[in-house]
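There is one chain below, alone, in structure tokens, taken in the form predicted on its own.
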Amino acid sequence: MHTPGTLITSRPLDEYCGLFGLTRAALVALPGPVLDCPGGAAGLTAEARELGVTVIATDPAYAAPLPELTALARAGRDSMAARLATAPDRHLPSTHLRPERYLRSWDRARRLFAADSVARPERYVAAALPRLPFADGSFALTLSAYLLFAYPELFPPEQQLAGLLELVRVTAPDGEVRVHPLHDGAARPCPHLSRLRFALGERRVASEITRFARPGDGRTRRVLVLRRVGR
């Protein structure tokens, strides 16, 4: 079921691309499916399908009945609206995107999710880190937004490490894991990220922090990229 204290968000595909430095063309070119963990009530799975890209979303909240889940997603939308009212520069993906338009994109993504999860329930798997019900190397790309570092009170360092290793396990040897953000809800950077990266390296997982300009305003976004090291 839903983890108390976490938001169920409804981000659309284009916001995912902005968060992780992706393009639609890059998604189409992938040699295999994508994992979205946690998927929340995002539109990614439904929108990617229109491009011919298979996305599997996983989230413990998928164990809840759809009306309960969509209610949680609407509450997440209301929480984001309140945050935009007090700190729009922190939360908007671009200074040129109005808050009302941004929130409408969440509303549309939530509707797409609701319809798609009914039509294709096999694409929405109820599961939680650090244990996912997928075989080793199942995905060409794994995306994880606003979870392991966003909620340090729920994921202490040992749980963060276990979660990252599980994301790597289910990703193909020639694929990669992308994690964002690397700070908590108060924008405080993870203080032990270097130690986590060292521990990953000891387990033959290469890590790097990719920096790229945020669309629209040029501010820097940081994404943790993980890849297996050949044995």
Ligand SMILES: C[S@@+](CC[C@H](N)C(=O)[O-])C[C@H]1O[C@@H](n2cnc3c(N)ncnc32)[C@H](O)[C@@H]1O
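We number the residues from 1 along the sequence you see. Given the structure is predicted, the values throughout are model-derived calculations rather than measurements.
Separately, the form predicted together with this ligand exists; it is not shown, and the next lines address it.
- At a distance threshold of 4.5 angstroms between non-hydrogen atoms, A61 is in contact with this ligand in the model of the complex.
- Among heavy atoms of T9, some come within 4.5 Å of this ligand in the model of the complex.
- Remark: A73 does not count among the residues lining this ligand in the model of the complex, judged by a heavy atom distance of 4.5 Å or less.
- The closest heavy atom approach of L103 to this ligand in the model of the complex falls outside 4.5 Å.
- Between this ligand and the residues L84, A140, A128, L161, the one pair within 4.5 Å by heavy atoms in the model of the complex involves A128.
- Comment: this ligand is not present in this chain, but in the model of the complex one of V168, V55, V179, C37 has a heavy atom within 4.5 Å of it, namely C37.
- Across the options 183-191, 198-206, 39-47, 26-34, residues that bring heavy atoms within 4.5 Å of this ligand in the model of the complex belong to 39-47.
- The partner is not shown here, but in the model of the complex the stretch 142-167 reaches within 4.5 angstroms of this ligand through a heavy atom at A145, Y146, L147, Y151, F155.
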